[in-house]
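We give structure tokens for two forms of one protein chain below, kept apart as structure 1 and structure 2.
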Structure 1
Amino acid sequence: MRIGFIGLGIMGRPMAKNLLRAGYSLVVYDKTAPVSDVLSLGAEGAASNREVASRCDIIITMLPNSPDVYEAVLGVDGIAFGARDGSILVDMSSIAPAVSRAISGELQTRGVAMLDAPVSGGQPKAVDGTLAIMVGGDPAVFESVRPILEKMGSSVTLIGPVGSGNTAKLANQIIVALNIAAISEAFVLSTRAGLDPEVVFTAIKDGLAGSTVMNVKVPSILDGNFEPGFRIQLHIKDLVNAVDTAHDLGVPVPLTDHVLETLRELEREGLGAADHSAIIRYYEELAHTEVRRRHP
């Protein structure tokens, strides 16, 4: 089976490599990112999205945002114009649910099925192949590609029809963002009160306040390491999609609105490419307090 993979950025590159290591044949394309290291592992290159689709029965996309996916699928030399009847598009990007549904509708007229299958876990879990994958689409189509998805994720869940995967991802991103903001407030408070933040972390991480987010992000915060596992600018994109979707549904999301504005302020300060754990920098500046590991 030959799989197309479009989008070899910070997430797509390790995901594609995991498929190659699992023995799948890949045809890859990215209009900006280099692909040489993926080609060196045995992938074949292509010159366009259309060419990838024409050479594969299953096409995976991992792109930054809704307009990028729309262009890759329905734009000039897009996937839709190369895909054969019976092909499957698995869009693993995190985009607006309404856009997923619109693209799926266009593909259906061409005999192409679609799943939206966004992921959670950031670059470390993309590398390890332990992503959480949330899928929307037809159950039979889902079952046909499940073995492929399981090479990239340790949790693969069908949520509902197309668009459901991205709706679940928006819920995920709200929880992650608010969790980091809560961690930031709590650790700035305790540090300003004179406590050692590393000791506070040890004391609370296994209690009710503990979370995967805390366990992953606090050690990096203590080291002052804000190298991106998931960039602030990408979390802004996700929360904008979440707020827009919430407004369309008439659902109030005041906490999400607040954290979105915090992220935008950090982006204005030049931290858009930093990891989203840099949310703590906002609270550190307000309190004139840094939460860092204390060395003897």
Structure 2
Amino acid sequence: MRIGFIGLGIMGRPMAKNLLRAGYSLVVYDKTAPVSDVLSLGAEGAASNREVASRCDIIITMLPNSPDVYEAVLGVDGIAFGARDGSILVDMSSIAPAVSRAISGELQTRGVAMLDAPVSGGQPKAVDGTLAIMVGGDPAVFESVRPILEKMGSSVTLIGPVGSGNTAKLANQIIVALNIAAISEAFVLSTRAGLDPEVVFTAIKDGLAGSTVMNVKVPSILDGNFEPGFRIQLHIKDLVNAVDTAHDLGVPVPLTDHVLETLRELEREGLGAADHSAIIRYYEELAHTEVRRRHP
């Protein structure tokens, strides 16, 4: 069995390498990024999405957003036009749930099954093979690819039908963004009150305020390090998908709306490629501006 792997970015590349190390045969393709390091680990190259699909039983995609996946599957020389009857597309990109369902519907008419299987955990966990993978799709199809997914993630969960993986991912991204905003308001307040943020971190991290976001992000924030990690641009993309989905369903998400605007403001300021923990810089600027207004 050969696995196709399309999209060798900051996440896809280490994920593909974990499959190679686990002994799987891979056919890889990326529209723009070089693939030589993956080929040197034993992968075969291909010239298009369509070619990958024609040579593999299972095709994994790891692309930035909904239009990229739509294009890779249904665009010119797309996966849909090369995939054999009975093959499986596992889209591990984080995209809009409605787009997952639409693409799955198109593929179904061609005899191709699809799972949406977005991941959480960022590049370090992609490297370690300890991602959390949230899957939507048919249970039997899920079971058939589960061993492959378990080479990339330590937590692999079938959530429900196609689209459910991405809906769970949106829930995940709402929580991550708001937990970053929460530590931002709290730490800017306590720092402006004269407290040492490192001491505050030590004092509260093991209590009810503790979170993975706090443990992962506060140390780099205190170092003034906003290297991604996870880019503000990508978090904007996820929250736009979240807010659109919420609007479709009639679910008000006022705090998510607010933190999305915060991320957009940071992107306008040129921080789109910074880590999403740079949300705290927005709050630092707000406080700085307010204090200067009061004491001109």
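We call the rigid core the largest set of C-alpha positions that still match within 1.5 Å between the two forms. Throughout, residue numbering runs from 1 along the sequence of structure 1. As the structure is a computational prediction, the values presented were derived from the model and not from experiment.
Note on provenance: structure 2 matches the form predicted in complex with a further copy of the same chain. Comparing the forms between the two structures, the C-alpha position of Arg21 differs by less than 2 angstroms, with the core used for superposition. For Thr289, the displacement of the CA atom between the two structures, after superposition on the rigid core, amounts to 9.9 Å.
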